[in-house]
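Only one chain comes next, encoded as structure tokens, the form predicted alone.
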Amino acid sequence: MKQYEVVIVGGGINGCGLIRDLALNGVSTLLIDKGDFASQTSQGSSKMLHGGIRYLENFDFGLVAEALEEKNLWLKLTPHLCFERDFYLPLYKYSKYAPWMLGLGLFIYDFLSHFHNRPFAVLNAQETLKKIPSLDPKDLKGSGKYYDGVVDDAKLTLECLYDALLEPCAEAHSYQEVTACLKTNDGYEITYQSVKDKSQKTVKAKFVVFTTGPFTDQLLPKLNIPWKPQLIPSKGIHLWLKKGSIDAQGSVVLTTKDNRVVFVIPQRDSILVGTTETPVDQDMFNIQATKTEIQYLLNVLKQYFPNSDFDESSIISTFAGVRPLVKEEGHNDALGKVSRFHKIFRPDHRTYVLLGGKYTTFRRMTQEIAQELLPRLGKRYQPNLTLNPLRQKSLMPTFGEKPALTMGMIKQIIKQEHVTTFEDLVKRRLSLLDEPQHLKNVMGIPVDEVKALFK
């Protein structure tokens, strides 16, 4: 029976970030995921590396400062996966903030970044409409301009994994479901089963870490791990709209009348719109956007961009994710008010559970576990190793000029980037926006020829 020092369950950004940290520090580690790596919450974000300007309203200054530092770090480490761009916060007569309050908030945001952000500005109505011509001019007072990062969330997750797997002590398996976690005198015997052929394997581990996000409350009781529900799952959906659906030279942050925040971010030769915050009343695995949720976002857009020419036919595709918000005793559990701070739980002596937090701060969150695990394994933790650039880039870049795709390149991607299914390839390795079932060709190659590689 194969033995590892650590087994990680859950291959999203936290799982992939943690295996990278542990592998760089010489810890034998196995990562297991029920689906493809980055296929759930970690590909369902708003594609931003950001401090979370709206969290200033909750006085979460520590979280915002940490996230801004991490945002600026990844902008330097992975310029091929993310870039900085301008965001505009429109201010109307009915908005709850006065211009001076908006300016103060933007100053605090830049201050918390130690002024490493590009400088903010407060614009009047005319200046705002020059940047966002399609914005509703009625009762517009102006806007605040600030800067945050745009990222390919799935690829950053995957490249953290690729970096880990360059170390001989790291191993990862997708489409494997953990079915048993048996406690032994010196750790665990963990059994996992192939989602495809139901074959099973059992391995030993000294420690097990669950980075299973919104699925944690359901999974841990099934494995007989002492656990009480800790999450308030929040569903968020996004739309990819055709380029030109909205005339905007920058990204727009809309505060809706029901106090939600909706981003409109031009990128990838299209426009990303999201997100919603709704309670989850459906199966969370491979969660989809509903017609009601799609219509909600379209209605918000029609309110703020009344003269723009878009409708449901403008939608290229949709996607959804579930935020694993952590309950806080004595605090308001309204989804928009729940803190984005993370928590680490220890159900027993050799089990860790990481919950909550923001995508942007994954490196800091996983470091907390790594720096506790290494001494327990008799090793010295070197925290600065995660500050090194990622060593293996995706073969197909998300931003900028793309190389011509060939069948030879597809085969190389499948082999080198741990691709199991057609959807893995088109959605996360090639970062195509169209729904996989609607594709007639894959960047010029007939779809049937590509699908044949997976039979």
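What you see is a predicted model; the values in this text were computed from it and never measured. Residue numbers run from 1 along the displayed sequence.
There is another form of this protein, the form predicted together with a small molecule, and it is not shown here; the text below is about that form.
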Using heavy atoms and a 4.5 Å limit, would one call L219 a contact residue for the small molecule in the model of the complex?
-> yes
4.5 Å heavy atom contact, I19 to the small molecule in the model of the complex | no
So, in the model of the complex, is F285 in contact with the small molecule at a 4.5 angstroms heavy atom limit?
-> yes
Taking the shortest heavy atom distance, is T41 within 4.5 Å of the small molecule in the model of the complex?
-> yes
Contact segment among 182-190, 131-139, 158-166, 315-323, judged by heavy atoms lying within 4.5 Å of the small molecule in the model of the complex | 315-323
Select from the listed residues N117, T275, S251, T78 the one whose heavy atoms reach within 4.5 Å of the small molecule in the model of the complex.
-> T275
Picking from Y352, Y88, F310, F215, the single residue whose non-hydrogen atoms come within 4.5 angstroms of the small molecule in the model of the complex is F215
